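The form predicted on its own is given below as one chain in structure tokens.
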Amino acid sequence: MKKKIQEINERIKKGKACVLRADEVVEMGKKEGIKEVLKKVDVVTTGTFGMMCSSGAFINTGHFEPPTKLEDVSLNNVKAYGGIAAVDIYIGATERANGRKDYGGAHVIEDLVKGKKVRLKAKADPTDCYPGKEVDVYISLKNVNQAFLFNPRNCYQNYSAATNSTNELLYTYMGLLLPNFGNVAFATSGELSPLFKDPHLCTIGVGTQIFLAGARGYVVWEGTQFNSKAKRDEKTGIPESPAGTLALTGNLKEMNAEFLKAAYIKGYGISLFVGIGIPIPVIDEEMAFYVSIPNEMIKTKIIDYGVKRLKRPVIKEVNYAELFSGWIEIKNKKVKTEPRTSLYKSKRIAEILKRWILKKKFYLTECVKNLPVEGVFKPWREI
């Protein structure tokens, strides 16, 4: 039995589609089996809400009087990039404000989504066509032409968990890691996570429509550091270490600050929590199997951040049921586990996307280009 996306969309249009959240279909798979999942379910909705540092926004302010080419640009004292065109700028989520550690690009983006005004300051070398020398104004999403998220690397497929073997506190982008294996931090929503439900990216590619921070968004390319060479579990096909990533875009003017939250991580810097949900069409028995994979069957590695080199040692392999239980064992010691991804928000995203589909406000899209099967992530090396 096989289904086509067009057929599923027709069922959505007629109000006959069966749409379940990823956690709901996992329970159904356990009780009724994979064949029943294929027979009964059309779409599975996923969700994740976690730190995604590789994020940012393009903004077109509109031209000023006199015409000015924005070059040395800041937004609320956060440096933005103006080397694109006259009034196009890009602000990165992790850029810190001048003189502050706890405010940065992510906060500027969140402020804009909340409807706040943001101070734009810029200096420029005047030219005959752009004679203006500086700009000092307040902008908001109401008075700029365009503002859209463009995130180079989101939605990591199975990010490794982190722990610390040393006698010292470690301040990392995974949060505070306590000495002597005092805790384990992990950053994936487990069986709700989008790229676990389609591990080979059969239905996710360039052009796929998604939930992005409360609005419609799209997959625009492979994400940076996309790695197709990661070892996969023989039973599930799911990578056991960081693998696929997605480059995403969406209209900032339509987004909701509930799903776009700036964060300051002590000892590391600024990051942005981004809410993402991807609908997975259940097109065949293989996909029915993938969407039904529970936390107990999804494995990841715990990495020792106490080792200060690029290739850190693996302390242990665990599954997400163990991580979400709150405790695991390392070297005969009971260790607390701490999610850096909000399971509550992840499930809420999957539920909202489910309702959009059931209310015929969101349809599935076929990707126009598959993501690469040969993408490799490797360290820098001199040519």
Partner chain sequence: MERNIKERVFLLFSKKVVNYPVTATLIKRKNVMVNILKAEIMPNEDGYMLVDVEGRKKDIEDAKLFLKQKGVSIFHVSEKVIIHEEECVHCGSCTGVCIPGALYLDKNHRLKFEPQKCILCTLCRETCPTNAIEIIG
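Because the structure is predicted, anything quoted here is derived from the model rather than measured. Residue numbers count along the first chain shown, from 1.
Not pictured, yet referred to below: the form predicted together with its partner chain.
- Interface membership of residue 84, defined by any non-hydrogen atom within 4.5 Å of its partner chain in the model of the complex, is ruled out.
- At the 4.5 Å threshold, heavy atoms of residue 268 stay clear of its partner chain in the model of the complex, well away from it.
- Taking the partner from elsewhere, residue 51 is found to have a heavy atom lying within 4.5 Å of its partner chain in the model of the complex.
- Residue 340 belongs to the set of residues with a heavy atom inside 4.5 Å of its partner chain in the model of the complex.
- At a distance of at most 4.5 angstroms from its partner chain in the model of the complex, none of the three residues 2, 13 and 215 contributes a non-hydrogen atom.
- Picking from 125-133, 204-212, 88-96, 170-178 the stretch near its partner chain in the model of the complex, with a 4.5 Å limit on heavy atoms, gives 170-178.
- Only one of 305, 148, 289, 264 lies close to its partner chain in the model of the complex, with a heavy atom inside 4.5 Å, and it is 264.
- Interface residue among 345, 39, 63, 316 relative to its partner chain in the model of the complex, by the heavy atom within 4.5 Å criterion: 345.
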